[in-house]
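Shown below, as structure tokens, is a lone chain in the form predicted alone; questions about how it binds or moves come after it.
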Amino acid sequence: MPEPVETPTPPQWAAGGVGQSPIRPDAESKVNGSFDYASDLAFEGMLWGHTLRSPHPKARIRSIDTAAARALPGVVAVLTAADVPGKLHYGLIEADQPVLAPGEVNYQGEAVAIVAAETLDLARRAAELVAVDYEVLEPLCDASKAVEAGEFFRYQPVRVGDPDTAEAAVVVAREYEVGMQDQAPLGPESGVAVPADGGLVLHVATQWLHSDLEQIAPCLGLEPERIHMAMAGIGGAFGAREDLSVQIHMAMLALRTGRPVKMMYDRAESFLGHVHRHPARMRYEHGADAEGRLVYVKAHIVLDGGAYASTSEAVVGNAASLAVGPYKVEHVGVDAWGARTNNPPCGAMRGFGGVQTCFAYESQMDALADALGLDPLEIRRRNSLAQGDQLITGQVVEAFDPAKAEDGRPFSPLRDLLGRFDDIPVPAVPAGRDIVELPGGTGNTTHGEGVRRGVGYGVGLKNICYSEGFDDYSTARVRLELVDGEPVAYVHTAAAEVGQGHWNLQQQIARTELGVERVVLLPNDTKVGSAGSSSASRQSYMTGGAVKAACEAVRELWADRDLADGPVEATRVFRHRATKPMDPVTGQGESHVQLALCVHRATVDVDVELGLVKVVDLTCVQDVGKILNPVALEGQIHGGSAQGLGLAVMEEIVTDEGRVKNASFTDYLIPTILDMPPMRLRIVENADPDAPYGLRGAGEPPTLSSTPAIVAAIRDATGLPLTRVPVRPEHLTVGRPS
């Protein structure tokens, strides 16, 4: 069980409240290596678990013979679907994924059997001895064909006006494709299940303890009260830990053996054992008048959800509602599907449906600007939504400062952000650059003779918190008591600290609201009410709101009593304003809690002879509502931008008829410090009056806008259309202009 975490309180950080950047409570232990991640956990008498996975994307299981595996010395248990003690299926939204494949497998990597042994090597050897007789079937791997066959998780249209009869002076129609991106958390899936008093304690790295519990208990045939979920140290998430991985499997093995069981994926298994970003194929048509103002937009969006539902329904809703971005248009026809295929399951990843459509609609805005001879910023200014305008779903743009106006016009947050670039010059091409500053770097591929520079922009509109009527809430318990004569606040929530700095923020809020220096965070577990998921850029808003409310209640109680008479404690549940589901026919509805904007300008150098790209500069202007922690905020923007850069030029899980071809960090590339350019940030604060402290979720929006900005810059350098990400070297050298 992790120990309570208390922030060091040297004099320079004694204030350490909202708006400041106190030292993170986990900083020292993560730097010196003493922090316990889930993969570091060990218990006396612990066994190791391992999963046997299907090598086939689609197959019927004729038989499973576990005798040889059971006979191996040191093997304690081998379990199959027949051994699942409760319900066979689980899932975040739809319970459609089997704990262990009962009669057929639907994607490569689907769990077929689990083994517990004295060592991890033994468990792996035993899994290899499990004999599975498969009848291999033909997989369905084309998402468009799946939609045509009626195999999809959700279809969501959006209809406004009549785009089929609207007349436009300029029409741009193109098809776009987004590859399958992996969250690539550095910490693999891991955890330990410990039998305890007829139940279990599960130590696991997850994004949502209570959602895990809701799925786990029925499958184990246990009452939820008999399972204590305790958060283990998390090594990154980005959506990969929203779905279950090791949880039920290690729990089954622990219940069967009566001993603690640890499971830990290696990197290849991690690629197969968690969901990914939905790959997408999109067909867009934009019509504009002669001045560049949008008349209509048509969009046909197919997201590949893979074999099981995960969060595909919600991702489709986001993609459809954000399909046009922060632009005003009178006539809209959007059709969005989440296809069911035999490809790897896809679900939550930073940006959650908004990333895919942002690449398409921003590319379309650049194509329109080019067709009309307009500056790329100007066409965005002319079409930007303003205060009081409606999204394509009919939702009114609000929660920005209505008192602001621009020459008598309603305030446009996007025009405000775009205007900030006027004072930020594009980096000049330096004379006599070192080769490390050129594409290819120390590979010494060029000395600049084939290198061209380009500049591009990208705008992202992202919804914050959960949408479409979801009853989202977060719980916090705060206790104030005297310790050695000094008031100390204890904060207890179930919110996952996935690296975003939420532990720090909880302490900042407690210091601000209670005026105390010492704040202790109790371990995150299910002994307190749900805090919801660390996703959707919602924890600062939701759990921050709950901690703030609980502290306010404690402060009121404290005013009427002396702490010498005993502690003061309060538990509060925080909810945001209500939202509505999108209409299944028209797509209309106030579906989102909050909207956030981010704009990137990218400067790139491209070696047009070798197809190599170096991102020279990323300048970001983002509206965050209210800065709560300047250093953490900058880190979130840098991180989101890096993942967008990865999608733009390198990151893709490559599949061939459902089989993953590059399940390693040798073949799946992620940006390193050498790939990330210097970033210049301009933080804008347009406070949201409905949000705690006026904040606006900030972690996801940069992931949307950095990708199209970088690709736009590459287009500017090469003159190529580039309608697919990631952009590969062969895209830049085939058919290039002379």
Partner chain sequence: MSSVAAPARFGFHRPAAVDEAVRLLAEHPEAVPVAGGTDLMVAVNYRHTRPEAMLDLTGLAELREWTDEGDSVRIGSGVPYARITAELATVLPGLAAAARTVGSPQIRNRGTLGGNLATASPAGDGHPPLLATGATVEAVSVDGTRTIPIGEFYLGPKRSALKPGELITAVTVPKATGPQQFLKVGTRNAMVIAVCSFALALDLDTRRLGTGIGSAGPVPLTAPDAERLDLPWTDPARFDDALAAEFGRRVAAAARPIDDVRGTAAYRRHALAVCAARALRRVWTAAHERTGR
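Source: prediction; values computed, not measured. Numbering follows the first chain given and starts at 1.
Another form exists, predicted in complex with its partner chain; not displayed. Remarks below refer to it.
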(message) When the contact criterion is heavy atoms within 4.5 Å, does residue 267 count as touching its partner chain in the predicted complex?
(response) yes
(request) Flag residue 440 as yes or no: does it have a non-hydrogen atom within 4.5 angstroms of any non-hydrogen atom of its partner chain in the predicted complex? (result) yes
(message) Taking its partner chain as it sits in the predicted complex, is residue 97 in contact with it (heavy atom to heavy atom, 4.5 Å or less)?
(response) no
(message) Within 4.5 Å, heavy atoms only: does residue 669 come near its partner chain in the predicted complex?
(response) yes
(message) Which is the contacting stretch out of 148 to 156, 316 to 324, 295 to 303, 446 to 454, given heavy atoms within 4.5 Å of its partner chain in the predicted complex?
(response) 446 to 454
(request) Sort through 390, 662, 586, 144 and report the residue having a heavy atom within 4.5 Å of its partner chain in the predicted complex. (result) 662
(request) Have a look at 172, 414, 520, 610 for me and say which one sits with a heavy atom within 4.5 Å of its partner chain in the predicted complex. (result) 610
(request) Go through 418 to 438 residue by residue and record those having a heavy atom within 4.5 Å of its partner chain in the predicted complex; state none if no residue qualifies. (result) 434, 435, 436, 438
